[in-house]
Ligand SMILES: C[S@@+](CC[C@H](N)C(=O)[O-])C[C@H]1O[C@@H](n2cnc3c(N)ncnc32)[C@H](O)[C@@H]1O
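Here's a solo chain for you in structure tokens, the form predicted on its own.
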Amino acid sequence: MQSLPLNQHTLSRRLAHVAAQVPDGARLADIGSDHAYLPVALMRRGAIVAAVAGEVALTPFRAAERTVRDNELQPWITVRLADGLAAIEPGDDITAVSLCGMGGETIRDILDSGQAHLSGRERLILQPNGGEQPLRQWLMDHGYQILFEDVLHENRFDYEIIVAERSAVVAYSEQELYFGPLLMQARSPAFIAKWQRMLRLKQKTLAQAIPEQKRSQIERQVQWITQLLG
């Protein structure tokens, strides 16, 4: 196996933050793997022992195959053309599942429709592009405790990372589902900056003509954000 240094061509800052949450020695299923950069980078680093790169579309599936082949990692990384968690087979013995770069609702739907492919012992490493609230709602409803949250700003976008594992009964408040229970506690500079930007956007929206139901929802969110920022 080649041991090449990680560089900016392999992992973006966003994916590097995701990679840091994959447990050492994991058997990873990277769903929606695109070019398979994440499993390849982790395998080259010796951080995981095996991986499945799942893709539903043919073009990224071929790209993932090419990345794995170029790095001579075919014995360790299996690339599968499959819809969502259907890429996971019982013999894979997966211990971590990553879903990155999709909307939170899409990640939620993939988890929901693919529950039969999960043992319940996997760590979920999720990086939604928006839609964090419905995703956290699904995790809570299905007994997943949030163990780690991160937020970073890259290329004009705010990205959140949510790491969860099955637990006993979990209960989060509406505000915790909206902001993230651990992010609310940590109040990092990136987190505060994100919600300052969001507040400005929502105030702009309220200045426009919008349906009354949407207006009341946004007014409530503005109240929450204002309280949060203090």
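None of the values given here were measured: they were computed from a predicted structure. In this text, residue numbers run from 1 along the sequence as written.
Heads up, the form predicted in complex with this ligand isn't pictured, but that's what we're talking about next.
Met102 versus this ligand, in the predicted complex: is there a non-hydrogen atom within 4.5 Å?
Yes, Met102 sits close enough to this ligand in the predicted complex that at least one of its heavy atoms falls within 4.5 Å.
Evaluate Gly84 for contact with this ligand in the predicted complex, applying a 4.5 angstroms cut-off between non-hydrogen atoms, and reply yes or no.
So Gly84 counts as contacting this ligand.
So, Glu176 and this ligand: in the predicted complex, are they within 4.5 Å at any heavy atom pair?
Taking the distances in the predicted complex, the answer for Glu176 is no, it never comes within 4.5 Å of this ligand.
Heavy atoms within 4.5 Å of this ligand in the predicted complex: does His17 have any?
Result no; His17 lies far from this ligand in the predicted complex.
Residues in which of 62-70, 42-50, 25-33, 165-173 have heavy atoms within 4.5 Å of this ligand in the predicted complex?
Partner-contacting stretch among the options: 25-33.
Though this ligand is not shown, can you say which of Val56, Ala190, Leu201, Leu182 has a heavy atom within 4.5 Å of it in the predicted complex?
It is Val56.
Have a look at Leu152, Leu118, Ile110, Met140 for me and say which one sits with a heavy atom within 4.5 Å of this ligand in the predicted complex.
None of the other options qualify; the answer is Ile110.
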